[in-house]
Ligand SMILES: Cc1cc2nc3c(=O)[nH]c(=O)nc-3n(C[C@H](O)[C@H](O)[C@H](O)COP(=O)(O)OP(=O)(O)OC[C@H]3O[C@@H](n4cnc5c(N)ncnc54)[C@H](O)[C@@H]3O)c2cc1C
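Okay, so here's just one chain, in structure tokens, the form predicted alone.
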């Protein structure tokens, strides 16, 4: 058996971040990735000859500044400049679009002066409240049963930040915390295009509608992320999301990390309650003092460790993690750039959202509760090759869209349902970009079932577990085990299923590595 200080299972961005951080602290680290390449759902992949696209995650909006700093990613080619922030365009069928410019709507155009004023006020409030959540998300959740002095001090910081809000703001923060997003928007805004956009952003990637309790948390989670030092900002990296992976991989390899691809792990070896190594599908055995799993927590505990090694209470909790995906990913190879009605050249390089009103988003959500999809889906669209021509042949264009709602367990099954869903999506796209169907050279539609199979994500859920109030903070992945530790000594979790959750942030990987380093002194 070959021996390492730490073996990291999974070469997605969190696995690479954890490995690089451990290696920089002097550990001998091996990363094992089942696929032929690292990056997971943040890879840049060719889906048609000459056409490349960011696989699932296609907008960078929350890569944690501590990850950039710790791994010195800018030295490894990552460029995150304020000049690259994307506008967000709320498309409209029967009128001009509404546009949020800068870092999530620092400037709003296409609406009335009174709505611009109302948005400015609401945006400032949302960012203040998201700032409180941000303090929780950037560190290991406190162990309420046995808090260390450091954890007590961290909670004190959060209490101080709450106090700084002032009495009225603090009262309002507690009032709206678990509210549904539609009610808050109705209180403060009038423009249904703006309300539709915010309702969509609050529920993107979740099995929630705008009127579902706690749906506002999704918007806070989004705004707790930052890019280029600006909260809520988003950008398309040159080279797609794979460029982020390339920089993280470069940092890991420079720190001495060994990376093996096409090396699926079959089992985590446990001896006397302690993880001591892994067995690969090939039968090869590898030993390490520390095993870090940056893949799905349920896959880790139920399949790789096995229920016999852990108590039934923990097994039950893990089995009950909700992780059935509700979003599909569409890739179109187009022979020319599409023209969305009323959108200028700068807008086409931004993030285009079809979510005409909160009611429309709610109506799109309703069928998914019964295993069906909406005839009028809502979606987030990018045209990455307009900003980065290397992604498509000359004169051609790539379209990348996240489409909701696509229930993982479609009642009629995805074999029968996929062509119908694609037709509904293309009809919806054609309403906003007339004639787009005629320029399609190749189509790739990934349903949650496809995402599960291709990227080894149970349920096809990119967060590896719903990001809802009962599955966040001290309850992620399960209550009692939120701090990256597991009931198996020497085994730690470091993926999106751990705190703080999904999105290309690197925070779970960084926090888990810091926890391991602290425990070893």
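The structure displayed is predicted, hence computed values, not measured ones. Residue numbers count along the first chain shown, from 1.
Although not depicted, the form predicted together with the named molecule is the subject of the following passage.
Asker: Name the single residue among 467, 68, 35, 488 that comes within 4.5 Å of the named molecule in the predicted complex, judging by heavy atoms.
Answerer: Exactly one residue meets the criterion: 35.
Asker: If the cut-off is 4.5 angstroms on heavy atoms, which of these, 257, 332, 185, 328, is the one near the named molecule in the predicted complex?
Answerer: Among 257, 332, 185, 328, a heavy atom within 4.5 Å of the named molecule in the predicted complex occurs only for 328.
Asker: Just to confirm, residue 481 within 4.5 Å of the named molecule in the predicted complex by heavy atoms?
Answerer: Heavy-atom contact with the named molecule at 4.5 Å: absent for residue 481.
Asker: Is residue 493 near the named molecule? Define near as a heavy atom within 4.5 Å, in the predicted complex.
Answerer: Residue-level check for residue 493: no, no contact with the named molecule.
Asker: Consider residue 108 of the chain shown here, and say whether it contacts the named molecule in the predicted complex, taking contact as heavy atoms within 4.5 Å.
Answerer: Residue-level check for residue 108: no, no contact with the named molecule.
Asker: Would you check, heavy atoms only and a 4.5 Å threshold, whether residue 295 touches the named molecule in the predicted complex?
Answerer: So residue 295 counts as contacting the named molecule.
Asker: Thinking of the named molecule in the predicted complex, which stretch from 467-475, 44-52, 22-30, 453-461 has heavy atoms inside 4.5 Å of it?
Answerer: Residues of 453-461 come within 4.5 Å of the partner.
Asker: Quick one: name the residues from 389-408 with any non-hydrogen atom within 4.5 angstroms of the named molecule in the predicted complex.
Answerer: Residue within 4.5 Å: 402 only.
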